[in-house]
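What follows is a single chain, given as structure tokens, in the form predicted on its own.
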């Protein structure tokens, strides 16, 4: 499951976005100041597969959204101690671009660039505190017992400190896979991919719609979005939340009337997938049709772990057919007759839309 953590200053519409993202869930969980909700990933391919198999259960892929309920300026310092933020795959920053006199901005004016940079600065400061504490510990460890591994880590951490002090988020640094692995345990906030959710006025729909280049130009965020591992999506939080609470048919009609081809939920999830490089594969049958989310370039044996660790450990082969073949033929046996079901080994790289049956030893 993909894990995304919401951040945003007061009056940005962060709580509205959380409601939008979890509108299909009746009771999002809360623990103190932390709210956690699960969003179902929309995928028409799963609907088609369910039409073929008529399963007892339809199980879409899911995204977990975490929201800290009382976040103010300077609040990112505390996020390094919140497990669901440290462990998030990506940060989702809700940036206010809507104008509403009844909801005053704490800074006195609407300025998306200022707010985006202010949040970035807070992430840098939070990480700098973690980095400096690690450097102090490394210096003591190296005095007691020198090793090449500790020296290499010290050099890497010093490089991170330099970047942070220069105002460069760690997600923008070019690092080797070994460097990334070494830093993973620190769960540094500015190293995580960043999605800006630009929360706009309904009146902006006519001029810019959801075209992110137009939205970035309108809000002045084009330069900010040029950074590595940073992207954006436009939402119209207030009106889209109202639409999300309607019956699906009525919601579809309202979205079309507004010129929107998909909901804000769909746009945020799809953009998150693209930012993180995720894809979906499927398992099908009369009992259940399910979508699974994995990073791109995942080998079959690792993908099997998403279903159950026992399947991964006992992996023998993967029976694979692509979505187009199965849906055009209508059944797995017919695909076999036409030689379209392949047996793949543990190193096979799973592709988006693959339908897979894993063979494994217990």
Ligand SMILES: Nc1nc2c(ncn2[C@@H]2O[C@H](COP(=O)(O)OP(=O)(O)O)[C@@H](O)[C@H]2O)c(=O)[nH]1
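Residue numbers count along the first chain shown, from 1. On a predicted model such as this, the values are computed, not experimentally measured, just so you know.
If you look for the form predicted in complex with the named molecule, you will not find it shown, but the lines that follow are about it.
Student: Can you pick the stretch from 253-261, 218-226, 197-205, 283-291 whose heavy atoms fall within 4.5 Å of the named molecule in the predicted complex?
Tutor: That would be stretch 197-205.
Student: My question is simply whether residue 11 lines the interface with the named molecule in the predicted complex - judged by any non-hydrogen atom within 4.5 Å.
Tutor: Contact check for residue 11: yes, within 4.5 Å of the named molecule in the predicted complex.
Student: Report whether the minimum heavy atom distance between residue 274 and the named molecule in the predicted complex is within 4.5 Å.
Tutor: No, residue 274 sits far enough from the named molecule in the predicted complex that none of its heavy atoms falls within 4.5 Å.
Student: Using the partner position in the predicted complex, report whether residue 213 sits within 4.5 Å of the named molecule, counting heavy atoms only.
Tutor: Residue 213: no, not in contact with the named molecule in the predicted complex.
Student: My question is simply whether residue 237 lines the interface with the named molecule in the predicted complex - judged by any non-hydrogen atom within 4.5 Å.
Tutor: Yes - in the predicted complex, heavy atoms of residue 237 and the named molecule come within 4.5 Å of each other.
Student: Heavy atom within 4.5 Å of the named molecule in the predicted complex: which residues of 96-111 meet that condition, in order?
Tutor: Contacting residues: 98, 100, 103.
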